[in-house]
Structure formats: C-alpha cells, structure tokens
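A single chain, nothing else alongside it, follows as structure tokens in the form predicted on its own.
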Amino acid sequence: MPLDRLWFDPAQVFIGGRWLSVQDTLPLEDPSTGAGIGAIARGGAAEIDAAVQAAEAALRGEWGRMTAAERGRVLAKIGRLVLERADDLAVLEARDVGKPLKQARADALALARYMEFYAGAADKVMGETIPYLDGYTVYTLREPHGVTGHIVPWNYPMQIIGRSVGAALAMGNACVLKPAEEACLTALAFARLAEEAGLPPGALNVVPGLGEEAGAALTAHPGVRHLSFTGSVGVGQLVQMAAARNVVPVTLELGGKSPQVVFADADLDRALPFLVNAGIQNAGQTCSASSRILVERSRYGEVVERMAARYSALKVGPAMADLDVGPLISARQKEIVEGFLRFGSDLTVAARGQIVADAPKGGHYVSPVLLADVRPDHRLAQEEIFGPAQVVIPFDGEDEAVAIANGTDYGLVASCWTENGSRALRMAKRLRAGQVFLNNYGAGGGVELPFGGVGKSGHGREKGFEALYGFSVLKTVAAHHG
C-alpha cells in the first residue's frame, strides 16, 4: 500500500482524539529494500506531557464514566474494524517490519482476537468477599491504575499492542503508547481504527519518537501510574529505574534464550516443524524464539540431519514475496546479528538457508544458520542473538537436559518433546520458564495464555486474564456495621 493512500498521516501524533503535526520527523525505511518510504513524527517530552494530560482528562470525563460493559462494546467494535482492515494492516506491517506477508496477516488477526478477548473480559473481573470478624463485611475491588504507559517494540507491534493496550483499556485505564521508531505504522493505524470505533478522546494516545526522547519522557513522567515495556534487557533496566523514581509498577518482557528439549522417544515427524519454525519466524527477531535445541544423544545425529534438510530449503527474500524468512529490521540489526555469528566461527555449520537471487541488494538479509555440536556455555548458546540462528546441543539424561535448559540468565519459554507422560510432567515442573509447552511450541499464539518470564526475561504477565489483574489495583474495603 503506497503511504500516500493511508487512512492516517504517519507524520502526526494522536493526542486527545486529535491528529497533530509536530516540528520534526524521522525517516521511515523499508527493510526489504533499505530505501526510504516516508517519514513519521518525532514526538518528544512536550508531546508525551500533552498525551498524559489528555489521558488524565479522559479518566475524569467520558472514558472514566463508562461502565465495564460499555468499554467492552467499544473494544469489540475496534476488533471488528481490525478484521475488516486485516489485509491492509498486514501490508503495513510487512513493509514496516520486513516480515513475510503471511506472518503479518497472522499478527493482524491476533490483534483482532485480543480486542475480542478483552472486550468479553472487561465486565468479568470480579472482586471477592472475605470472611472476617463478627460485625464486619469485607470485600475487594479491582480498579484501574489510571494513566498507563506502553513502550512497544518493532518486531510485533500489532500483537504487543493487543496484549498490552487491549488489557489496559479493558480495565478502564487511559493509555499513552510510544511505538518503536523503526515500526510505527500499525500503531498509528490502530489509533485511527479506535477513533472510528468511538473510543473516547484521550483514552488512547500515540506518540512516535526516539526512545531516548519520547520513551524516556514517558517512563519518567509523574502522571504515569503503570508502565509496560517489551524490549532489550538493557533498556528494560532503564525503564525500571525510571519507574522506581515515581514508585510505579512495571511489566517487563525482555527476551529469552528459549530451549526445546527433545528426548529419544519424541515423535520427530510432529516435532520437526516446531523445532525449525520457532527459531526462524520473523527472521528470529522474536523474544520467545526457540534458539536452543537440546537433543538426547541417541537421536542427536538424526535430529541435526532432519533439521538441516529443512534449513537448506528455507528461502529468504522481500516481505511481499511471502517466503519463509524476510529481512532483519535495519542495517544496524543486521550488523549486530552478523557480529554475533562471527563468534560462532569455531562451530559446525549444519546448514544454511538461501537468500533468493532477486532479493534487493539494499535489503537487510541474513541467511538462517543451523549450528551443531555447540557447548552449553558457548556465547551463542547463552546470549540472545535476535536473528535467524539456532544451536543444537546434545545431552545425556533428564538431569543434564534440565541443567542445560535452565543454564542461562533467561527464562521466557521452554518446550519438551517426549511420549513419556510422567517425564513430560516432571519436565514441566523443573524447567525454569514463564511458559512451558509439552509436545508443542507456542500453542498457536494463545491470546488466552498468560505470558512473561523469570530472570532476565522480565517479570509480570500479559495475555489472558492475568494481564487484567496486572493492569488493575486491588482495593480492600472493610465495613464495620456492628
């Protein structure tokens, strides 16, 4: 879709229900070609302050007076509009992020599903009564924090807006969204659809800009009562320190080094698509990517051989060509990934995918690589590469599998493949991760499934009902009536 035919102006911010121009802009690039395709607004501290004020006004006004059921109806309408524009949104996401079109369309459908889920959940978050002393009635209420800040990364803008902003709005918060400067288009498109759906002015505000300008202003603003951040460990630490100065809670999702553990009795025909796809989806630029494959030694050679066959067939090219893998988001990200891979010069390359011959020369393409015979303590087995690379590690026995799987600073997702039901349940308890999948990986996205990590993968949970609890404050009321 040409940017001059968009149903919103990407060079504007959305504050208090109004589309406003700002003094400066940032260039917008197509990762598939490396060419500029337009400009987005460069919001800063002034725009963030205006957005927080607009959100506070919304809470005092129409949005704050809405019942939970009414909020749900608005979210349901947003979901319907997202479905109607799913193809347009997919094209925007593919061009902006570089992911293959089919993956971008799945993200658009996921955004609609988040809106549907939180629309239905909005009026179903209950308090409880608590048995207490004679003469007392004690009960709890769940109330919104107030103004919530949302810093969304460039890899999955639509999905993370859905799980973060959707839950916050369902609970009655008013949101200020700062999308990543590398990929803002679907965040702005979502704001336009929310406006069309009748979301009251100020309930959602979107301010694109640089992290060190708009992002820093949002995390430090005293009017923000809760922060949600998805991104790198380093930036997450800065967000948490900024929030600490204002003593506000933070939900952090900071990435992972997620293992899939394959035992000798695993059904490999069933497992193999998951073993590969979970590592190369969105060119490996996925916080929950399965970048470590742990295989019991008796079947190690077979698994490597069969994964290598799949890797050799992978095709890499422009997003709109809709191949297996698209480009990385930027030249800088390509440089980072290639720098990591240079640390693997001592490793065995089992297979590589192929960049198609007609891929634009300026695109940010990296061939997917499968690395075998990797030591558990090797840098590429410990650090998040955030690119299309997987390492395969052998193990002997359940205890060693657990030790290797838990042997990084991260703990976001893990998977176990085995036909032994008792072992599967033991592994689910022993694996250190926020989500554990048995004989699958990802469970189709799972809008309903609480998501988040432990260790350097962060804390707090998004998705499902658990997100609604995180985006609310529990109040206890104790009434003495004699």
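Note that the structure is a prediction, hence the values are computed from the model and not measured. Residue numbers here begin at 1 and follow the sequence given.
Keep in mind that the form predicted in complex with nicotinamide-adenine-dinucleotide (NAD) is missing from the display, and what follows is about it.
S.K.: Spell it out for me: taking nicotinamide-adenine-dinucleotide (NAD) in the predicted complex, does every residue among 153, 181 and 215 have a heavy atom no farther than 4.5 Å from it?
M.R.: Yes, the whole trio is in contact, each within 4.5 Å by some heavy atom.
S.K.: Using 4.5 Å between non-hydrogen atoms, is residue 324 touching nicotinamide-adenine-dinucleotide (NAD) in the predicted complex?
M.R.: Judged by the heavy-atom cut-off of 4.5 Å, residue 324 is well away from nicotinamide-adenine-dinucleotide (NAD) in the predicted complex.
S.K.: With heavy atoms only and a cut-off of 4.5 Å, decide whether residue 264 touches nicotinamide-adenine-dinucleotide (NAD) in the predicted complex.
M.R.: No, residue 264 sits far enough from nicotinamide-adenine-dinucleotide (NAD) in the predicted complex that none of its heavy atoms falls within 4.5 Å.
S.K.: Using heavy atoms and a 4.5 Å limit, would one call residue 238 a contact residue for nicotinamide-adenine-dinucleotide (NAD) in the predicted complex?
M.R.: Because a heavy atom of residue 238 falls inside 4.5 Å of nicotinamide-adenine-dinucleotide (NAD) in the predicted complex, the answer is yes.
S.K.: Please run the contact check for residue 384 against nicotinamide-adenine-dinucleotide (NAD) in the predicted complex: heavy atoms, 4.5 angstroms, yes or no?
M.R.: The answer is yes: residue 384 has a heavy atom within 4.5 Å of nicotinamide-adenine-dinucleotide (NAD).
S.K.: Which of these residues, 367, 298, 232, 246, gets a heavy atom within 4.5 Å of nicotinamide-adenine-dinucleotide (NAD) in the predicted complex?
M.R.: Filtering the options by heavy-atom distance leaves 232.
S.K.: Just give me the single entry in 259, 100, 255, 363 that has a non-hydrogen atom within 4.5 angstroms of nicotinamide-adenine-dinucleotide (NAD) in the predicted complex.
M.R.: Contact residue from the list: 255.
S.K.: Using a 4.5 Å heavy atom cut-off, which stretch among 127-135, 349-357, 159-167, 267-275 contacts nicotinamide-adenine-dinucleotide (NAD) in the predicted complex?
M.R.: So the stretch in question is 159-167.
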